[in-house]
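Consider the single chain below, provided in structure tokens and representing the form predicted alone.
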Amino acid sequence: MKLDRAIRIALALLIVVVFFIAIGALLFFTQTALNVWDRLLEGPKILLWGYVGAMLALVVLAAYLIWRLVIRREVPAVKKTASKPLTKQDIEGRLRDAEAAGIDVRDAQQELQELASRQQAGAVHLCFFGEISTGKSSLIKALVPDADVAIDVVGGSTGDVRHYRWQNSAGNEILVTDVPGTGGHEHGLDEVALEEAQRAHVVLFVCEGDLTRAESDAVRHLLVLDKPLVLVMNKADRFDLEEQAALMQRLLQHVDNMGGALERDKIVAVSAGGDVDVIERSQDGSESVSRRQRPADIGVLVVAINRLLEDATQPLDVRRDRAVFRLAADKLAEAEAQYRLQRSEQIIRNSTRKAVLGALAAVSPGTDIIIQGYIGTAMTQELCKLYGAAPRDLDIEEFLNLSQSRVGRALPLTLAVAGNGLKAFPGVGTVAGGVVHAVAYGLIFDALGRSLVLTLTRHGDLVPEEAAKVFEEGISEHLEAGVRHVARLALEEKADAG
């Protein structure tokens, strides 16, 4: 208690001393400020206002620097695609830049080549799109009776893209496209169908009634692409007129809920016809089953198509071209993502090798994550540049510091994983602690790089707190995934050094 009282007295004396120093400093600065102010008042007005302006500028500059360096915290959102429609010059410029960077752009270039071929041919493309068993092929057969269309009672009879020529009453040359039905079991056909729909001028979306969730998603995607669209409710003869009207109103409401704009005459109810079994009863009471052809009823569909072709408010070619440019841009984005993934793997492996070499050269158990600070900084800078991010030096430093603070809790696990990984190599036997630590540090660098790639993919920029959090949450998974590679690397480097 005596010591406690002495400490309290000392603190009280210290407070008194600080108080008097603060009072003295305040009086000194006050006197100086008043003297300067009096002299400014006595001098020319331009000097007074110049002095005041300079002081305000210094205050603003100091406040900005403090905000920029300390207070400001940027948390960028996921980069969004620009709403401005892509042009041919836009996509061609991006393709040139990507090709110069070593990215495989063949798929995207092929879309532009196909577009040029269709532009030269000049025909209008109508694409029948929908889920399997909705009767797309039967509708095409009814529209183009001479078309060689494969119609099967088993759903999904269209396994590729097929084009059929049709000339409407106005004499327009039209290519009717039949695509694989979506929702089938064969992998990749949904993507084939959707891509062909993007290449078409007009999409005739065939359904059997109210939209399923998958159909709603497909319609929403086509509306985003600004595709001229006709919703075709096939097999309408199963419903009476009142039920048809209710279903068509539901379809129109779905489009409105999606934010789309579709006129009432762009939703039609049709019947593709086909064979039907009819039971006939003779005079003697016996019954027989005969197969008769049910006539097709697609007149409203033909009218809707002709109205779309005659509508000059938004040229079909322009809207088709924009959709294809979007398709080419999507394929380019896929190629860029694949390139970044491969290149980031190389950067991470290279940094991991450097970390292993550094640990083997100067092993110090319990050392923090950054064995050599420049390795972590260089890896972070390379990965950020690869993903088009331009972080501040302070962001990089903060990310590495936050990650380092999380390594302490994971270090025992890392060492255990490293030891177990080395045991998997025959003939290694008892491994020196230095090699175990080298593998551990290599694993940490490997996990650090992969966590950073995940953050850059999600946000398009370096978010220190988010990247460090991803690193902490996924370190166990990354350690298990990379242990064999890093252990083999450490053993190879150890053998070379020996």
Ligand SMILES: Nc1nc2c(ncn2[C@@H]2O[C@H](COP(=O)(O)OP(=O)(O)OP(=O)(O)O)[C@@H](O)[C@H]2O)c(=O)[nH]1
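This structure is a prediction, so every number in the text was calculated from the model and none was measured. Note that residue numbering follows the sequence shown and begins at 1.
Heads up, the form predicted in complex with this ligand isn't pictured, but that's what we're talking about next.
Contact with this ligand in the model of the complex, defined as a heavy atom within 4.5 Å, is made by all three of 134, 137 and 294. Residues with any non-hydrogen atom within 4.5 angstroms of this ligand in the model of the complex fall in just one of 382-390, 232-240, 101-109, 349-357: 232-240.
A residue is said to contact a partner when one of its heavy atoms sits within 4.5 Å of a partner heavy atom; residue 271 meets this definition for this ligand in the model of the complex. At least one heavy atom of residue 181 is located within 4.5 Å of this ligand in the model of the complex.
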